[in-house]
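Quick setup: one chain, the form predicted on its own, written in structure tokens, and binding and motion questions come after.
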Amino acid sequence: MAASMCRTLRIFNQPAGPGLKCVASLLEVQLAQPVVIPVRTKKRYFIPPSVSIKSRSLEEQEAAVRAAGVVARQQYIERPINISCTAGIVDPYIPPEGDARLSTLSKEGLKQRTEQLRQSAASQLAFRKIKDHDSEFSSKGFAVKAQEIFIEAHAALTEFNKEKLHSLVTERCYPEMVRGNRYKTLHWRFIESLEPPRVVHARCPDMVSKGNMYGQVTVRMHSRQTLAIYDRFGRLMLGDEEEPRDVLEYLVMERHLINPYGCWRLHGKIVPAWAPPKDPIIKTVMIPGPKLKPEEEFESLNYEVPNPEAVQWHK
């Protein structure tokens, strides 16, 4: 036993040859460096296109996805629905031509009187529904309240007070009032009321469900106002601050009746077909001049404007 142990120790104590030294050095190098072993993973049927590839259109990418057997998800175009107000004016009021009552002996007068009776009967039913949800509603006092809302809304518009304007007009009326006024200056003033405002029309439409009711009341308002609109350069575009004008308007007020915290807000205006056309807007334009070279100056050319009718105008 002792002899076998001695023989084993002698073998380990023998000096290593050149071959063993090379093998040991190779093993040390391999152990020091990371070893990468290729392993087969799951096959990918669809490889997303590279970010650098910009020539492929959306149709080509969809065709490649279908060829790979991948079902593309259908895209749904969703539109937001606002339930705090309606999207338009339901059964709008048709003002009589010239805002006057014709003789019932004529054909047009008889037709006008019949239409007024039909609209008044439907308005009485709408008044009952409105009073069921709003006990303080009164057709006589509501016209004055609507006029006050109209004045406050236009005053907030001239001051660009968005928070107050949202509380006075509906989400449908707000973009119509502020569209195109970003770089303009508005000067509006309410002078007096020529005739007492009065309620002429009312409707209670439903939306989405049967019990979701909205109240729409049309108010006739004849007043005197001043309006002046200036562009971003400070030049007058429309109206005059010193010249008051008589304005006949039909305002549509709306409220979400089933909402206990709802309030009456300005929803839109009804413009009759017989209304006179609006005044044209005065625009600031630029007359294109000659193309100058780098060494030339405009003052030294003594340039004169050619025939204005042949000049192409630019905004």
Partner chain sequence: DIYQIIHYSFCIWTIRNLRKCKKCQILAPCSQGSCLHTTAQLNTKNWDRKNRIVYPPQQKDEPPRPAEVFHCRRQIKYSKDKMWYLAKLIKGMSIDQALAQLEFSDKKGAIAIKEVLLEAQEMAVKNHNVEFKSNLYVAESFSGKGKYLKRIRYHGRGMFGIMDKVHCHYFVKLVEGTPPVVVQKTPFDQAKEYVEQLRSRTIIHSL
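Nothing here was measured: the structure is a model prediction, and the numbers come from that model. Residue numbers count along the first chain shown, from 1.
A second form of this protein, the form predicted in complex with its partner chain, is not displayed here; the remarks below concern that form.
Residues Thr158, Arg189 and Arg245 are none of them found to lie within 4.5 Å of its partner chain in the model of the complex, as judged by heavy atom distances. Residues with any non-hydrogen atom within 4.5 angstroms of its partner chain in the model of the complex fall in just one of 229 to 237, 131 to 139, 146 to 154, 161 to 169: 229 to 237. None of Thr185, Ser84, Asn212, Ser193 but one reaches within 4.5 angstroms of its partner chain in the model of the complex through a heavy atom, and that residue is Thr185.
Using a 4.5 Å cutoff between non-hydrogen atoms, Thr284 counts as a contact of its partner chain in the model of the complex.
Put simply, Arg235 and Ile287 spread apart in the model of the complex: their C-alpha atoms are 3 Å or more farther than in the form shown. Note: the CA-CA distance for Asn181 and Thr284 expands in the model of the complex relative to this form, by 3 angstroms or more.
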